[in-house]
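Heads up, the chain below is alone and in the form predicted on its own; it's given as structure tokens.
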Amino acid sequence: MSKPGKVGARLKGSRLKVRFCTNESQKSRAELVGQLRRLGFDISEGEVTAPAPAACQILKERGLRPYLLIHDGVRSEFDQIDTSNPNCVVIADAGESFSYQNMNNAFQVLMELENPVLISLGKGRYYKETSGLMLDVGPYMKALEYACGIKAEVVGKPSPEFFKSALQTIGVEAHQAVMIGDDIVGDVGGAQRCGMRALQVRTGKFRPSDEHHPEVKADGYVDNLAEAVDLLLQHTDK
């Protein structure tokens, strides 16, 4: 079994309730779960809280028809959504689709609406790929907010509603839960504002300056996911 798989198996075999929360908006949940399974995690789509399905629920409940400024990899999540004659904009990490033309199309849709609605799947500033740091959806969301004089509705981390949805799914109160993540603002700050405790892993997008962040202080720092699981299981066994 791979190292990530062993970590996942230890969590699954414990008494802890586990929920995977992601702001991934370039892949469908099915594709993301497939990727995690190949790494050795025993996980199903039902164990993942992701922004695209949550956004679809909001669109249906409110009768919204979006102009989709999203990555082709996540478009299948919106197959059941009416996108004719848009009355809102949904923006996600669109990657190469963040062209001037597409951004301007989104801008025009919003400016023509009496009550413009901009829904953003997360608001991350950047993330890390093997090739280096990459701009996330946040900067593009902010550009549309500024141009249109509006405030986006964020679906995903660090939105408190996103964390609360994950907690409700596993039947756990915020004060009973610990978030493990690499993003000092989206993971750690978002979870703490929801009443959870949070550990930051020194992997992924972690930067040493995170430990001296002016507004967010993690409840603890660990070198990797395995160390975080060790820590949690030690406390669980006491």
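Model, not experiment: these values are computed from the prediction. Rigid core here is just the name for the largest C-alpha set that superposes within 1.5 Å across the two forms. Note that residue numbering begins at 1 and tracks the sequence as displayed.
Note that the form predicted in complex with another copy of the chain isn't included here; everything after this is about it.
Residues with any non-hydrogen atom within 4.5 angstroms of another copy of the chain in the predicted complex fall in just one of 160 to 168, 83 to 91, 102 to 110, 70 to 78: 102 to 110. Another copy of the chain is not drawn, but in the predicted complex it has a heavy atom within 4.5 Å of G138. Heavy atoms of C148 reach within 4.5 Å of another copy of the chain in the predicted complex, making it an interface residue. Annotation: Cα of S131 displaced by at least 2 Å between the shown form and the other one, core superposition.
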